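Listed next as C-alpha cells is one chain, alone, in the form predicted alone.
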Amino acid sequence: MTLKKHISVSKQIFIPIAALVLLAVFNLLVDPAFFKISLGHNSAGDPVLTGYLMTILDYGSEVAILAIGMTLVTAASGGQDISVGAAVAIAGSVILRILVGIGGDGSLRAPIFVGFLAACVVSMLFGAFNGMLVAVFKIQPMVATLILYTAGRSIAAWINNNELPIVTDKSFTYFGGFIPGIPIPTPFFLAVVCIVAALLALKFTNLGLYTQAVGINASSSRLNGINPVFIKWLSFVLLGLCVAVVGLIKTSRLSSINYSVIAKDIEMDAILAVALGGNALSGGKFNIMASIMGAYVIQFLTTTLYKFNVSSDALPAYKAVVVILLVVISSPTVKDKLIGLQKRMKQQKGGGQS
C-alpha cells in the first residue's frame, strides 16, 4: 500500500499533518535555526534541553491535555466548553489553597497529591454542573458554559480571599518545569500519561462508540439502549479532569497564580485543536490523536508568531484567520470537491497507464 493511499483528504489526520508540514517548511526556509535544540541549564542548575521545539513540546502539552476532553465534549454534545480557562484558574486556586492556605509562609501544609486530588474533585464538579445544563436542561453548550466563563475567575480569587499564595517548596515546580536529571519538560510526560489513559479508555470501553452514537443522533442512540444524557454529562466531567491536570501545570510554573491572566484564551486553543484535527464541531465521529496533533500544531503556530515578534494582543487575529480557513476547508462542500478531484486524478492516471 503506497503513501498516497494512506494520506487522503477524506482522512481527518490530513489537515493537521498538512498544517504541520507547512509551518515546518516555512520556518526551515526563513530560519533553519528554529529547529536547533541545545543543552543548557535552568535556574536551579539542572541540565535541560532548550529551543523553539522544546517550547512547542512544553506548552503544547497543556493544549493537548485539554484537547482530549474538548474532543469528547464536542463529539457528544455538538458544542464546545468556553469556560475551560476560568476552570483552570479555579483548579489552580484550589491546589494553592490546600497546599499553603491563606496567609501561609509558602511551605507545604499538605502533600501535593492531596492538593491535586482536591482540584480534580472540584473541576469535575464544575464539569458536572456544565454537563447538567447541557444534557438535562438542553442548553446549547457555549451558552451553558458562559456562566462559568464569566464567574470562574472571580470564584478562583474568592477561594484564596483574593490573595496570591506562593509555594516555596522546590518540588512543586517540577510539574510545570523539569524533574532534576531529566532534560525534557515534565508537562510532556503528563500529556503522555493523559493520552495513554484516554486511548486505553477508548479501546477497552464503549466510551468512544457511545460518544459518537450520541453525537450523530441522540434519539437513535437512545433506541439502541444508550443513555445520551449520561454520555453528554460524562464528557464534561472528563474534561473537568483534564482541566485539573492543566491547573497543576499552570500553578507549578509560577509557584503561584494570577487569576485574571492564568490560562487566558486557552479554551480557544483547545477548540481550535479539535477543529484542526478534522473533527466536526457539530458532533459525531472524532479522532483523539488528530486533536492532539492539532494542539501541537497550534503551539507551533503560536511559537512561530512569537519568534517573529508578533505581539500577544495580535495573536487572536492570526488564529482567527486559521479558524476561517479550517471552517472552509472542513466544510462538506470543499471536502466533496477535493475528494472528487482526487478521484478524477486517479482515474486519469489509471487511464494514462492502460
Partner chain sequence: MKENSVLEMRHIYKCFPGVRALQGVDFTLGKGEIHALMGENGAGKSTLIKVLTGVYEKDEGEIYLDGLDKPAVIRSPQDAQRLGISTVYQEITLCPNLTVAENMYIGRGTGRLTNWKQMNTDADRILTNLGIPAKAQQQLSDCSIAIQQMVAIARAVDMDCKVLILDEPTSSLDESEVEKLFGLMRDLRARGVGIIFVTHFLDQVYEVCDKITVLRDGQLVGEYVIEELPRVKLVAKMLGKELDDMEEIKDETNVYHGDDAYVFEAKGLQSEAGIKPFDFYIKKGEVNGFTGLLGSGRSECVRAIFCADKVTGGTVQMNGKPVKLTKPLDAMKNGIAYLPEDRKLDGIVGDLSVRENIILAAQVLKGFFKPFSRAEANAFADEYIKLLEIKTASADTPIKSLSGGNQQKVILGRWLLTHPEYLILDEPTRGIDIGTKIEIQKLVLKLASEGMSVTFISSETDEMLRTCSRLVVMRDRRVVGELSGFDLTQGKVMETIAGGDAS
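Because the structure is predicted, anything quoted here is derived from the model rather than measured. Take the two forms, find the largest set of C-alpha atoms that superpose within 1.5 Å, and that set is the rigid core. Positions refer to the first chain, counted from 1.
What comes next is about the form predicted together with the partner chain, which does not appear here.
Candidate site formed by 206, 213 and 216: every one of these residues places a non-hydrogen atom within 4.5 angstroms of the partner chain in the predicted bound form.
The partner chain is not drawn, but in the predicted bound form it has no heavy atom within 4.5 Å of residue 260. Contact check for residue 307: every heavy atom lies farther than 4.5 Å from the partner chain in the predicted bound form.
Taking the partner from the other structure, the partner chain in the predicted bound form has no heavy atom within 4.5 Å of any heavy atom of residue 107.
Within this chain, residue 103 is remote from the site of the partner chain in the predicted bound form, having no heavy atom within 4.5 Å. For the candidate set 241, 254, 190, 226, a heavy atom within 4.5 Å of the partner chain in the predicted bound form is found for exactly one residue, namely 226. From the list 198 to 206, 86 to 94, 168 to 176, 108 to 116, the contact stretch for the partner chain in the predicted bound form under a 4.5 Å heavy atom rule is 198 to 206.
Contacts with the partner chain in the predicted bound form, taken as any heavy atom within 4.5 Å, map to no residue of 292 to 316. Core-superposed comparison between this form and the one not shown: the C-alpha position of residue 22 differs by less than 2 Å.
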